[in-house]
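Here's a solo chain for you in structure tokens, the form predicted alone.
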Amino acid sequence: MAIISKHQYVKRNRRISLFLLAALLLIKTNAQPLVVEAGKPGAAIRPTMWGIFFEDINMAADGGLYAELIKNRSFEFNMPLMGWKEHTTVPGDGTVLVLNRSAESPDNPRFIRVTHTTGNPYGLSNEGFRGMGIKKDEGYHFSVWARPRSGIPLTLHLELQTPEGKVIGETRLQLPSANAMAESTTTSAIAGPSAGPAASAGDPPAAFPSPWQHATASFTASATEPHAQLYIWFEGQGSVDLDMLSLFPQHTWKQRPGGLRADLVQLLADLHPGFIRFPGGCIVEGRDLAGRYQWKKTVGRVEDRKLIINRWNTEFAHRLTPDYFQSFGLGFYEYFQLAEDIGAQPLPILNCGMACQFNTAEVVPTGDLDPYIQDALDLIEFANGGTDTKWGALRAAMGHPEPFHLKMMGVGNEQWGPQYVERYLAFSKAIKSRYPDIRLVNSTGPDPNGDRFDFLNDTLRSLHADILDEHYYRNPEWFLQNVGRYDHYDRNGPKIFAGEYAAQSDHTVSPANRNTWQCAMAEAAFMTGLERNADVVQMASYAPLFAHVDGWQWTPDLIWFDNLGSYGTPDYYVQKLYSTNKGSVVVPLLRDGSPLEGKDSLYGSACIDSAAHELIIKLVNTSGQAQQPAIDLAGIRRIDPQVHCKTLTANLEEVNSLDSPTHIHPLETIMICKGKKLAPTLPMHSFCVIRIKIVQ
């Protein structure tokens, strides 16, 4: 995330202080007190309550979380040289030819053959993902699979250039001669570290048997540039085959070669999520079944993972993205590893034999479901199986012999209708018979009401499903009106996963949607109802998660980024205040004996953090004036007089941005409270989290 200056920090806090002072002049004092019954613990709040929904939309993976800087590194896009450009001073000095070896390498068939015949400059450049974000003094690791063919061994002269043509980093990499390659009996790295995890120790990728060799080089950038390009100049006279050209920054998350972008992972880690749902989303379904997400094609060596077109490539006419593909460098192994890194439970979602019903609605006949079901069973083995099993052995070979402790799995994404129920039953029978402790997440369709929702809700409840996945993309008013949605759900029925939600400032799928404070505040109010009903709602996640400012298809989104920086939206800070103030058990917060669900424009919930011995109160004031409700703390003998409060507040249409990443963020204050009564000041349009230490 971008760092603000001391001047910006002071200016921002002065603005907030003046905002709060103005609000105080309009305080509305509520005569009827709120009562927190801290001595009446209710539902336990599961560790998975607040989590993360990841989908490769808005360039969330390639060009985003996956730190690869070269676009179309293996020439497998529909247009094989998309993202690449030839550079020559004299036509004919060099050529590039795209070849296809699909018979011996069906998952990575294309490579290029470069021939340089003179001493004149000839090269290729790669534009990256809307440019390459290069940082001064950062190290960069280049790698390539090469097979020299004839002539003098070629040298690759690598340059990072600004849009103006200034060189800001360079090195040379000499490739071996064709004779040396012929004498080699094994495939090895010529220099430097290998990029990406191995499928098995010591074995070459299936796509690159001998005499292909892996060559690497490293260099340091001399300047910062958000839209750099990589130039590869060929020196010498000869011919060489090249594939899987790759460039990574040195400082990835946990310094893993071929890893994830550190600033984006840190934003996720700071949420302290209870789970990560992956890989989506409509990505799971595909526009057709051929384009569905297949986890087995995303593990093993990155060189052997089969690239496919991203379904969001042409989904929206207003945001066509013809260069949007999935390399699966961020695959299921990296996903499980990420979840483990940040202390979240994995929640994989698998295709159930149904493509997106908004697109082709293609389905597999129920009699042909076995391969899909086997994929689910094998994924559990990959995550949890011993190293003596087929898929557990692959996990171990990739570097993780210990299990990932998978406990739950989703069957389908936003499917609906009787055909979904048929497939759910087949999956459930097979999975539960072998892994009875795995909890299954099941679709209730794309909407929170209507005939499709009612059918699945009623049917799956009658079948005693584990968890029902409900989605809501609605305007802020809907969220305020539905705070009490789960107050009357069957306490003994299936549990609820609020799997996708986001308030829409305009309307769903509109490119005019913005992450305004009004939307975030409405979500904060709605989440009081989720927390209060933690015996029914056991998981919740905002969606979508990421968006590239120059490559998005859908708004609004939780975290925005460009090639160098990133920021959390107001919605992000709402999620963070909930996830970092989760508590362990719900306690009643009442006015006139009823939950606080909008009376006097106030919404609220309360819980106890048993480990910290603290009472946590969350209050949302959606009115246009400040309020100072009296709060009675019942069931507590004594509290620490210092009460900590974090407040989010802003004008309704305000947003964060790359230039002002923390324009809206929590401001912490301390109240002094005597006895067991509080009177916190809630600014207009605000969300406040109050933590009270309970003295034992």
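Remember, predicted model here, so these are calculated numbers, not experimental data. So that there is no doubt, residue numbering starts at 1 and follows the sequence shown.
Note that the form predicted together with a small molecule isn't included here; everything after this is about it.
Though the small molecule is absent from this view, in the predicted complex it lies within 4.5 Å of a heavy atom of just one residue from Glu500, Glu303, Glu159, Glu523, which is Glu500.
With the partner removed from view, the residue among Cys282, Val363, Leu377, Leu480 that has a non-hydrogen atom within 4.5 Å of the small molecule in the predicted complex turns out to be Cys282. Considering the small molecule in the predicted complex, the lone stretch of 34-42, 49-57, 626-634, 663-671 in range is 49-57 [heavy atom distance within 4.5 Å]. Among residues of the shown chain, Ile616 is not one whose heavy atoms approach the small molecule to within 4.5 Å in the predicted complex. Within this chain, Trp560 is remote from the site of the small molecule in the predicted complex, having no heavy atom within 4.5 Å. A residue is said to contact a partner when one of its heavy atoms sits within 4.5 Å of a partner heavy atom; Ala543 meets this definition for the small molecule in the predicted complex. Remark: His471 counts among the residues lining the small molecule in the predicted complex, judged by a heavy atom distance of 4.5 Å or less.
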